Every structure is written in structure tokens, then in C-alpha cells.
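Quick heads-up: the C-alpha cells below are two forms of one chain, split into structure 1 and structure 2.
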Structure 1
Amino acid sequence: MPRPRSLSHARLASAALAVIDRDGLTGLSMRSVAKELGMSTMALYRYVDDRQELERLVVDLVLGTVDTEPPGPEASWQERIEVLVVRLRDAVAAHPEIVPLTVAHRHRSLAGLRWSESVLGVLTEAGFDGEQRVIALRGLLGYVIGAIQLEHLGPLAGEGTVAITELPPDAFPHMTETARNARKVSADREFLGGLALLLRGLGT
């Protein structure tokens, strides 16, 4: 039997995202989303097959908010890539618990694939090709995903940095000094500074 149309994919995804934002990724289940929608778990199965389908809907909902239109060619390729990367970071960082889902469902999310297509277009225009282009795209994706996880799980202003400053300086002179400096670095400065280093390296 065809599925009823009273619940749209957007509404299902919004309910699942609300659960994740409130209870974390471990809180996502068919039961919890059904409760969020005010329906029975069995009724939810009329709209989606399983939790994996819910995850894909959530990824598309979040990544679908990213503007994938690259800036014009009057900007340098590094500036164009930075704009695209920051847009992706802003969208995902608003819901950091979904980072593992973006990795797991990256091949199935049309919204995510459109972002990668735009990045590859800029890289191609800049002269990247073959393995160099593969490594550049993977490096950018890895940086965004890793940076968001670090910002969420181990921010520079967090307890971990404080604990490092309290290590014995004779045993960890570089770590303690770096941690003291790290407490002054904002999340945006950390992200953009790391991205600048990566883009500089890709350009050599």
C-alpha cells in the first residue's frame, strides 16, 4: 500500500532533529520521534522504514539550508572555498550532534553532494585535477567535520584546556604554555585560522 501523505518528509525530519538537539544522537529512535509527533511507533512506520531513513532525512534537512552557490570568480579560489566551507560549518555547527550522521550518509544526501560539487567546481577552475583534487576535497571535509567535533566536545575555553594549564610545566612546558594561549582564542579564530593554514598548504 502507498504511504499516506499527511506527514511530509520535512516534518518528519524536523521532529527527528528536535529529538537529537534535545536528547543527543543516542536519543534518536523510531519511538522517540513518534512521541515527538504525537503518534504511535507503529504509525510512524507507515512513513519511514527505519531509523536510518530518519537519519538521512535529518542530514538532508540540515544540509539543505546551505547555500551551495559559490562566490563569483572575481574572488580568489581560496576566498571562494572559504565562503563555502564557512556556510557548511555554520549549518552543521548549529546541530553538532548530527556530525556523525553527515559522515554516515554523505553518499546519499543530495544536499551534501551539491556542496561537494560546488567545491570541486572551484578547485577545478583553480587548476586542481586527478588525485590532487580528491585529496583537497577530502582534506576540506575532514577539517570541517573534525573542527566541529573539537569545538563541541573539547572547546579551547573548556575544562580540558584548563586542566592542561595545570600540568607540571617542567614535564610539559610546551603543552602548558600553548594551553594558556589557547584560552584566549575564540572558536571562530580557531576555525578560520586552521582553514587558512589548510588552504595555504593546498595552494603549494
Structure 2
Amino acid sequence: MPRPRSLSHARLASAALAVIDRDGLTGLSMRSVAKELGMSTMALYRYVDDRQELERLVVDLVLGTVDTEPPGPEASWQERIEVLVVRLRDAVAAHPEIVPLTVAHRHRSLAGLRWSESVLGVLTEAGFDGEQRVIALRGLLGYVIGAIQLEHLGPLAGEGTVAITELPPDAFPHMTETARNARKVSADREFLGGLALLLRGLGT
């Protein structure tokens, strides 16, 4: 009967993502998103309970772009998991500012659950079950979450690594030396290298 809705959740989420991509996560507020959409702040509350839910929509939007179809059977299960993990990482890395949102809301995102389901499928085919399978999934999830944050909070190529170079070498001999090597390691090699360790630990 009543007046029709003029907004969709998807449109709301993409407006919020636009704000984030333009002004960073600190620029995200109910006010800024409302302005982006050309409506009043309070109008948003007709579509969303609170700011938390808006953030959840953004996470769902981004994670929803991840292709969760596992690669074909010509690949080993390690390679298939690697592909799934890399797809997730690439989707998040396309909007680096949302990393903290992803961490906070991942477990309430349907798209995130679909990804986990897909990884579990590969693990199951590979013969994992029971506690082993739980630990494998959570281990992968933990690594992905942590590594993505490291990558965007303190990238190896960034100023943090330079700062470590300049630490007193007598108190931090290994850190200063390692930091010099670290500047030459690309983000991809770092991420894939760590993932390979985990997969090797899982493998037979």
C-alpha cells in the first residue's frame, strides 16, 4: 500500500563503498553516505538498523564479488585452495580501506560463509574431516585475515621497514639485517610464501 522504497541495500552499500574509496574509512559516516545519496541522514535508518549494519552491507558487497567456484579437478587440492584464498585476498585488496570492516563483519556475511563452504568442499575432497578439517579451515582463515592486515597496516615495502633499518643494531641485530632484505620482497611473494608454508603443513 504505502510509498515504495527508493533505495536498495546494494545501492546503499555501493554508495558507502564509494565514500570509503574516496575519503578513506575515517570519512565513512551516516552523514557522508547520506550526502553521497542525496538524502537526509535519518533517511538511511529506514534501510538499516545502525551503522554496524551499513558496514556489514559493504563487506557483503565486496565479498560477494569473490568467485567461490573451485577450480577444476586438473589442479591439486593445494592449488585449488590457493586459488580460492588468492581470490579472496584480491577482492579485499581492491579496496584496502575496508580491511578492518572485513575483519569485524566477515562472520556475519553470507558471501563470507559461501567462501568458507567452498574451501571446506576442497578440504573434504582432499580427505580432511573431523577436528583436522576444522583446524585447517580456521588456520587458513586466520592466516588470510592476519596477512591482509599486515599487508595494509605495515607493508614490507613501506616506511615501517625503513624505520626498522634505522633501529640500534646492537639491540636489534636480526631485525635491522632482515629489514634490509625485506624491502625487496614483493607483497605477492610475501603473501603466497606464507600461504605455501601453511599448505605444505597441511599436505602429505
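Note that the rigid core is defined as the largest set of C-alphas that superpose within 1.5 Å between two forms. Structure 1 provides the reference sequence; residues are numbered from 1 along it. Not measured: the values here are computed from a predicted model.
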property	result
Pair member that is the form predicted in complex with another copy of the chain	2
C-alpha of Leu12 moved at least 2 Å between structure 1 and structure 2 on rigid core	no
Rigid core fit then Gly24 CA moved by 2 Å or more between structure 1 and structure 2	yes
Is_shifted Pro96 between structure 1 and structure 2 (CA, 2 Å cut-off, rigid core)	yes
Rigid core fit between structure 1 and structure 2: Cα deviation of Ala171 in angstrom	2.6
